[in-house]
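A lone chain, given as structure tokens: the form predicted on its own.
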């Protein structure tokens, strides 16, 4: 195990991403299943900078090599090492019917079909706002999750800075919420939603442009029972998206939903995010569904830091970027946060790379 700890320490020093030996073990387990770097990232649940540097270190140690098709393979030394350490191939028993979510998107076929048809014309994800759209199956499953938790019917719902996924549109299409407010910095998405609301006669939903780095006005604070968002994973963005989301909630027992990845955050950062939720905002985490959100590959991937630091030049061809779906609930004495954001590190830091 010393070699794994040695590599983890060297990679941590080089990337500033906190690691331990088991992270290296998980990457080797993934290599036993696939040679595709992006699938290795997916299976090992590592931020891209860490996974990339681990591969490079293991290549330099003679444990891995990259073949002519840019597949990552074990050398004979690598085969001997995994056998010696008893490292097994990564296992995946994900339910194919629900894609591991526990909520099959086809449980509401009408909603799914309507949403897929409307989403065909959605604006493309762009790099300026760290956008990346989840699959239609993910979006519909989010709505079913809300409904199963009593967070949809008759509720005032705000969807913040995540409308590249069109979650607000999907919620509105059910016509089960009392009110739906969608806010996003991207005017293209706001215009898209408002046009559909008007065409379909959905008069309890509206969309407006807003930059979450700015505090909310008083007429948004404390007005909703549910918020939904999908933040970039810097600390500044977490406060802007999650802290402000909590500030929109009316009272104790209200809920918030958001995604967190292990592709742009380490497990150590998750701990710090969770401490902020529990200790600063006085909310409780009721659900974490790993790999709930499946993201379609975005056109600007070759321009991202992830592509530039990867040990291969081959672009991803399948879904590899996934995030966990969190549900939080406010407790008595919960704290609203609505300060301005002045931190320049909003979309990207040492652990993030997909912008």
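The shown structure was predicted, so the numbers you read here are calculated from the model rather than taken from an experiment. Numbering follows the first chain given and starts at 1.
The same protein also has a form predicted together with another copy of the chain, omitted here; what follows describes it.
Exercise. With the partner left out here, if you bring back another copy of the chain in the predicted bound form, are 173, 201 and 297 all within 4.5 Å of it by some heavy atom?
Worked result: The answer is no; none of 173, 201 and 297 reaches another copy of the chain.
Exercise. Of the residues 181, 190, 72, 254, which one places a heavy atom within 4.5 Å of another copy of the chain in the predicted bound form?
Worked result: So the residue touching another copy of the chain in the predicted bound form, by this definition, is 254.
Exercise. So which of 288, 319, 33, 312 gets a non-hydrogen atom within 4.5 Å of another copy of the chain in the predicted bound form?
Worked result: The residue from 288, 319, 33, 312 that makes the contact is 288.
For this session: Could you confirm whether residue 119 comes within 4.5 Å of another copy of the chain in the predicted bound form, counting heavy atoms only?
Result: Output for residue 119 is no: heavy atoms all beyond 4.5 Å of another copy of the chain.
Exercise. Though only this chain appears here, would residue 22 touch another copy of the chain in the predicted bound form if you measure heavy atom gaps against 4.5 Å?
Worked result: Heavy-atom contact with another copy of the chain at 4.5 Å: present for residue 22.
Exercise. Would residue 284 count as touching another copy of the chain in the predicted bound form under a 4.5 Å heavy atom rule?
Worked result: Residue 284: contacts another copy of the chain in the predicted bound form.
Exercise. Looking in the predicted bound form, any heavy atom of residue 95 within 4.5 Å of another copy of the chain?
Worked result: It does: once another copy of the chain is placed as it appears in the predicted bound form, residue 95 has a heavy atom within 4.5 Å of it.
Problem set entry | Residue stretch of 157 to 165, 254 to 262, 214 to 222, 239 to 247 approaching another copy of the chain in the predicted bound form, non-hydrogen atom distance within 4.5 Å | Selected range: 254 to 262.
Exercise. In sequence order, which positions of 97 to 116 have a non-hydrogen atom within 4.5 Å of another copy of the chain in the predicted bound form?
Worked result: Contacts from 97 to 116: 97, 98, 100, 102, 103, 104, 107.
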